[in-house]
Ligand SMILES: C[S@@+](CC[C@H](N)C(=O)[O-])C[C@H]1O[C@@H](n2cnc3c(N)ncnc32)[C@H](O)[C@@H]1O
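So this first bit is one chain, no partners, the form predicted alone, shown in structure tokens.
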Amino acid sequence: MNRVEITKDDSPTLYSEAFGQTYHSIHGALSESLHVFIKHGLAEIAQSKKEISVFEMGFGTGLNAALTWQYALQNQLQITYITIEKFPISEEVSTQFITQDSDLNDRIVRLQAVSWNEKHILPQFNFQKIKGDLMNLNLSAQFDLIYYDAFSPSSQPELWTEEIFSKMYILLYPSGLLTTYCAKGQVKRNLKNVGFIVESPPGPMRKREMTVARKLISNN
């Protein structure tokens, strides 16, 4: 069961009773997504590319995807976006998820409403959301950028292992990025052990750090 909660920057998130966690930071859901995934992910890739492929682990509320679509339109980008979600939120809950940005709301609603497991061509945004388990995911595509937005290692430890990060490494093009809010030491070690170069830029709001993992061109 999920319920809407308003975070400290006045943007909404969801609280998952099953996992005992919110989908985004209680200190600012919108601020966190903009900082972790847009500023330290999409905006950096967009400095050198106008056609960008993104994989998101954890579609959740649709906030990250909607922000990416909005950024693409504002910055003349063409985005291909694939996301996977094992536990889709209900339509009833999704209609209660309302931000103060009407344009962003419209994009969240559209992305929540499209059918699962099908490709959708939207303005500057080719979109597919997959209902499934990352553990069993088999994609032939590669990506410039991965948004890693699973619940924390304390709730979903199986999604923060070397085995999973090895899959993520393979999914990335050389010079690609993986960004995540999580800054736990073991998570960083697991990323390093599969070949990523790991950085720890300042985190959003009250969070001291976040994580950016880079796949270097020289690594195979």
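What you see is a predicted model, and the numbers here were worked out from it, not measured in a lab. Position 1 is the first residue in the sequence shown; the rest follow in order.
Just so you know, the form predicted together with this ligand exists too; it's not on screen, but the next bit is about it.
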So which stretch, 99-107, 132-140, 117-125, 72-80, is the one near this ligand in the predicted complex (non-hydrogen atoms, 4.5 Å)?
132-140
If you check in the predicted complex, is Gly62 within 4.5 Å of this ligand, heavy atoms only?
yes
Wondering, does Met57 line up within 4.5 Å of this ligand in the predicted complex on heavy atoms?
yes
With the cut-off set at 4.5 Å between non-hydrogen atoms, does Phe151 touch this ligand in the predicted complex?
yes
Can you work out whether Leu159 and this ligand are in contact in the predicted complex, taking contact to mean some heavy atom pair no more than 4.5 Å apart?
yes
Taking this ligand as it sits in the predicted complex, which residues of 82-117 have a non-hydrogen atom within 4.5 Å of it? Please list them.
Ile84, Glu85, Lys86, Phe87
